[in-house]
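One protein chain, two forms: both are listed below as structure tokens, the first as structure 1 and the second as structure 2.
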Structure 1
């Protein structure tokens, strides 16, 4: 079992990574001294696919356990589902302050995190991520929230978990598309912070997709370590440090929102396209070499992630861009690569350039 510590003073916590990490949940809750009800928020797919692993663990809890199951779609990150979840928790736990366990991918983690941050002005949270994307990215760092129809994550909060248990056995319950979904965020970490990690991915991507144990544990540990280091310096995303984690997300989120959060694009697929678009903008601004842009495209193609936008209109993408939280005083803001392992935040990129690049990769 590998451990990465997120150092945030009184809000510090451990991320435990490895086979069987989920089994630590009962001992962790006992160590916390928490005796109240435990509310497990999960989705229908995760509830079914992971029950052979999670049911015996939950049965070992001395606490009363309440399970709330939401739909297994991006639409669960909505104000309606948030409200319904809060109401169910209130009815089930009544006078007791619960502990929330987020059992699922990024959608469940964001929803459960926002519930924990807001219910009774804050209750304890443990993240138990089941997807590769959540294990390498969204379960660490404390960002939580829900989407509005206009754009992703417009309503949210920063709320750190008490612990994150990354059980690599849960990856075996995932369909191939979900593994590829998570690999987009993995590639993001290599581009923004570690050129040697990018080279490692180029050489080991096939083993990663096949969930080779040693390869996946190294990948997850590397990504979590990178994110922990960034979050420790800029927990609340107000020092222009954490913003680099948004590489690929400005236009990627716009594509995802423009698709109506449908099955057409999952989060990782939209971020893969977003990274290519940001890379192309950087190339046209003479920030990034054509060689590094092609390396990025090649690695994303090897992961069988999209490098072009299909089935979404340019008009809808541009409209979604206008709601992006990364705008500053009305000016757009992009994280652009300079080379593998290094990015720069650039503001005020001409709309004509952004639109030209979008057209280039449309269809």
Structure 2
């Protein structure tokens, strides 16, 4: 078992990583001295697929346990599901302040985090992430919220958990496409902060995809440490530090949105392409060597993530990033790689360059 501490003064917490980490939940709640009701928020798929691990653990709790199961889709990150969840909690726990456990991927984590941040002006939260993306990224750092029809994550809060339990055993039921989805964010961490980690991934990606125990634990610990380091310096995302976590996301989001959030591209797949597009822009601006760009493409290919854009039109991509408007205002912003482990935030990239690069990788 590995432990990473997120240092945030009074809001500091531990992230416990390893096989069997979820079993620490009853002890943790006892140690916190919490005797009220425990509300477990989860989704339908996680509830079914992980019950062989989670049920015996929840049965050990001395507290009253209330389980709330939401649909296993992004639509659960909505104001409607948020309100329904709050109403259920209020009905079932009456006047007692509950502790919330977020058992699921990023969708459940963001929804449950927002519920914990707002119900009775804040109740304790423990994150128990079940996707690779949630284990390396969304469960740490305190961003919580829901989507509106206008845009994703439009309503939310910063609300740190009391602890995060990253149990690698939970990944065993995760479909391969979801493992790769998380792996795109893993590659992102290596590119933005750690060249030796990038090298480790080049040498170990095959084992990682197959969930080799030691490899996976090392990968998660690395990513969580990198994220913790960034969040510690910029908890509220107002110091231009946390922004580097958006590497690959500017055009990646545009590809994801242009595909209509369909089955064509999931988040990680669009971020994989987005990282290459940003790398190509950096190369053309003579910020990044062709060798480093090639290394990035090779690793993404090895992970069986897309390196080109297919099935989405250029027009749709440009429309979805609202890029033209941003460029006229002179305010587009890209996180661009300089070399493995180092990125820079660059503003005002000419739209002709962005369009040329998009065209180059289309089809």
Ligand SMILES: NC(=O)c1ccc[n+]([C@@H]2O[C@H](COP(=O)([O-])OP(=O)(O)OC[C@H]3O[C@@H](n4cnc5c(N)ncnc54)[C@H](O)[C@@H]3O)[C@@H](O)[C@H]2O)c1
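For the two forms, the rigid core is made up of the largest set of C-alpha atoms that agree within 1.5 Å on superposition. The structure displayed is predicted, hence computed values, not measured ones. Numbering follows the first chain given and starts at 1.
Trainee: Choose between structure 1 and structure 2: indicate the form predicted alone.
Mentor: Answer to the question: structure 1 is the form predicted alone, whereas structure 2 comes from elsewhere.
Trainee: Answer yes if the CA of residue 74 moves 2 Å or more between structures 1 and 2 after aligning the rigid core, and no otherwise.
Mentor: No: residue 74 shifts by under 2 Å between structures 1 and 2.
Trainee: Inspect the rigid-core superposition and answer whether the C-alpha of residue 28 shifts by 2 angstroms or more between structures 1 and 2.
Mentor: Comparing forms between structures 1 and 2, the residue 28 CA shifts below 2 Å.
Trainee: Treating the chain as two rigid parts, how far in degrees does the smaller one rotate relative to the larger between structures 1 and 2?
Mentor: Here the smaller part turns by 10 degrees.
Trainee: Can you read me the CA shift for residue 312 between structures 1 and 2, rigid core superposed, in Å?
Mentor: Taking the core as reference, the C-alpha of residue 312 is shifted 4.7 Å.
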